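The data below hold one chain only, encoded as structure tokens and taken in the form predicted alone.
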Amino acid sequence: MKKVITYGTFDLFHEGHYRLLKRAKELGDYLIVGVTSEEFDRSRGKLNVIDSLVTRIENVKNTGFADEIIVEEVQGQKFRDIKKYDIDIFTVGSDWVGHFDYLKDYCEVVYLERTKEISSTQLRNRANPILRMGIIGTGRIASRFIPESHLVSGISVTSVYNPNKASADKFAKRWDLNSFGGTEAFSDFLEYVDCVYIATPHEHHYDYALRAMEAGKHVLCEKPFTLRAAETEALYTYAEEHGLVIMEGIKTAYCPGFNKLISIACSGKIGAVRNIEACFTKLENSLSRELTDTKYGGSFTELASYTLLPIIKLFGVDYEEVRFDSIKDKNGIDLFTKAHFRYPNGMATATCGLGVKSEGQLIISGTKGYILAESPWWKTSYFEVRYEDPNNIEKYSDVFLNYGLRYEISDFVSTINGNKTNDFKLIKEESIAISGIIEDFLSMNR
């Protein structure tokens, strides 16, 4: 008897799950299905799971394909289950290709093609429908987005668009998506999705976001939202007037550790905040878009959204003065920029660099102490509260998994489903202010 085993969360059970279990059953004579526990999902960073474990097990059982159902509770259980049940074939969906190759030493590993098109009727006849997402753009961040989306329940990336058809086709083949390429194909692309993630160069964000919303689609847009305050405000206004959700994807704003840090800073623990120093630098390839695009490239447009975030969150949008100092390349692009802010009761510095490397830390100084988050603070997983007494140090930590995009995706899905408790993480006025500061910088340096 040939034994097959597969695993999954099986949340919001749909046609794709059914087809995967059917094909898994066809691989052998006896199918064991592992359903993840709530605790295991939390530990591996699976977010936004809606259905209970009991419901998920019952849905798998009702397909009739599973000869045995077990609960996956801990990391490393797959190997032990393969040994325990004398498994011949381990199988999962093709969105995990290569991830479980280490099990090939113990059994055959089969990656089953995922279901690209899930019945829209089936998905919508429930309180929390599974959203079909399309990605606009095929660069580095888009490739990071796909695996992160797999760890958020309630959303399925189904399609990709790029005006360059060859790029769209290449990306779609890699991630098993529907491909739409060329300027004429954008309208067709929008018909296949409920929401979009915009991962294009900065100057195209506004146009794609507006066109998507005009077609009734929710929008998650990479930072910076736009390069002009008026454009960012216009997008928010359109979304509000048409009952749509639009969010800026500054991943730091949504991660648990950063929100804990902001809460501590506002708690009075370090007294009144008087100075903030936020630094983010990395050495970029000299041939990259960021260092060759003389109109929209440079360190400030690329990284300022991160360094401005804690300043705007803690001091607000009503600064009295901002001044920029830059070190520029021979083509005029800023390799290193400091933005100096003056507020009625404090000051701040946002430092960004693509051609000059510095210690990337966040320091929030108060009248009783200070917070230190060392590099990479924008992936906040650890920070300290320090006082005059050097022996008095309070240590805080929280999870930041992989690229951290899953946190913004989860909040995006929750907001579409009517959960407004995430609004405070990055509010409209903050996004508008960040766009306005970048606009001021570009007007002075281009």
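Residue positions are given as counts along the sequence shown, with the first one as 1. On a predicted model such as this, the values are computed, not experimentally measured, just so you know.
Omitted here: the form predicted together with a small molecule. The next part is about that form.
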property	result
The small molecule contact in the predicted bound form: Trp96, any heavy atom under 4.5 Å	yes
Partner contact for Phe40 in the predicted bound form: the small molecule, 4.5 angstroms, heavy atom	yes
The small molecule contact in the predicted bound form: Leu20, any heavy atom under 4.5 Å	yes
Heavy atom of Gly436 within 4.5 Å of the small molecule in the predicted bound form	no
The single option of His218, His202, Arg114, Lys313 touching the small molecule in the predicted bound form, heavy atom within 4.5 Å	Arg114
Proximity to the small molecule in the predicted bound form, single hit among Glu72, Asp329, Asp293, Asp81 (heavy atom within 4.5 Å)	Glu72
Heavy atom contact within 4.5 Å of the small molecule in the predicted bound form, the stretch among 375-383, 404-412, 44-52, 62-70	44-52
